[in-house]
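Only one chain comes next, encoded as structure tokens, the form predicted alone.
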Amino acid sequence: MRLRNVPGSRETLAASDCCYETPAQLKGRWHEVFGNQNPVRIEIGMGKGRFITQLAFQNPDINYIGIEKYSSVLVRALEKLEEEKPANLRLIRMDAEEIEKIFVPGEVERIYLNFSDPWPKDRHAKRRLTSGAFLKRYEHILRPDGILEFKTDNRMLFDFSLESVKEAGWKLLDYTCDLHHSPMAEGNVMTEYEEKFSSRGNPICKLTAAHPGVR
């Protein structure tokens, strides 16, 4: 279970030079923050940051922004970055519902969702990060040729997500219900949860979908 109350976590985040809290003043200015015109990719619900940090090191010509709701989780990511921080990585503490407050239309090239909270009760379906409501938010901030990537070990959530993508008019590019034994595994970067669940024999599901503007 995620820690949600680590003493001093908010102060630690505030003191960091690579972490922001719902930075509305940077909306439309992320290329200024990074000091270049490279594409911007974001991970929503980054957890302790293993996935997005590895991507940042592997791809210095792409800018990455990790978004996490809980200070106590985000501070763990910062601790891991103490020794070496990739120059193309920034972190934000915020709720994903506010995503349109910090990015202008077309500012993001790709969105990663990894092992998001499944919110299993039907009445909470709108809170799922692959619900129609969230897909609409992503549609606004993604470039017309933007891509969404989603991974989970929760089959119920995955089936829900496949339907949501189709209903929202997105173009389903590829999907698998057994990532590690499929062609989609090429170049796969594992998250902490992915390593944990796959070591137990749980198959990992993945889908990629294109912005509704893609034809």
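Residue numbers run from 1 along the displayed sequence. Since we're looking at a predicted model, the values are computed, not measured.
Keep in mind the form predicted in complex with S-adenosylmethionine is missing from the figure; the text below concerns it.
- With the partner removed from view, the residue among Trp30, Tyr70, Phe160, Tyr175 that has a non-hydrogen atom within 4.5 Å of S-adenosylmethionine in the predicted complex turns out to be Tyr70.
- In summary, among the residues Met46, Ile65, Leu179, Ala56, the only one with a non-hydrogen atom within 4.5 Å of S-adenosylmethionine in the predicted complex is Met46.
- A residue is said to contact a partner when one of its heavy atoms sits within 4.5 Å of a partner heavy atom; Asp95 meets this definition for S-adenosylmethionine in the predicted complex.
- Contact annotation for Glu192: at least one heavy atom lies within 4.5 Å of S-adenosylmethionine in the predicted complex.
- S-adenosylmethionine in the predicted complex comes within 4.5 Å of a heavy atom belonging to Phe115.
- Taking non-hydrogen atoms only, Leu129 approaches S-adenosylmethionine to within 4.5 angstroms in the predicted complex.
- Figure note: of the listed segments 22-30, 37-45, 57-65, 164-172, the one touching S-adenosylmethionine in the predicted complex, with heavy atoms no more than 4.5 Å away, is 37-45.
- Shown without its partner, the chain has no residue in segment 172-190 with a non-hydrogen atom within 4.5 angstroms of S-adenosylmethionine in the predicted complex.
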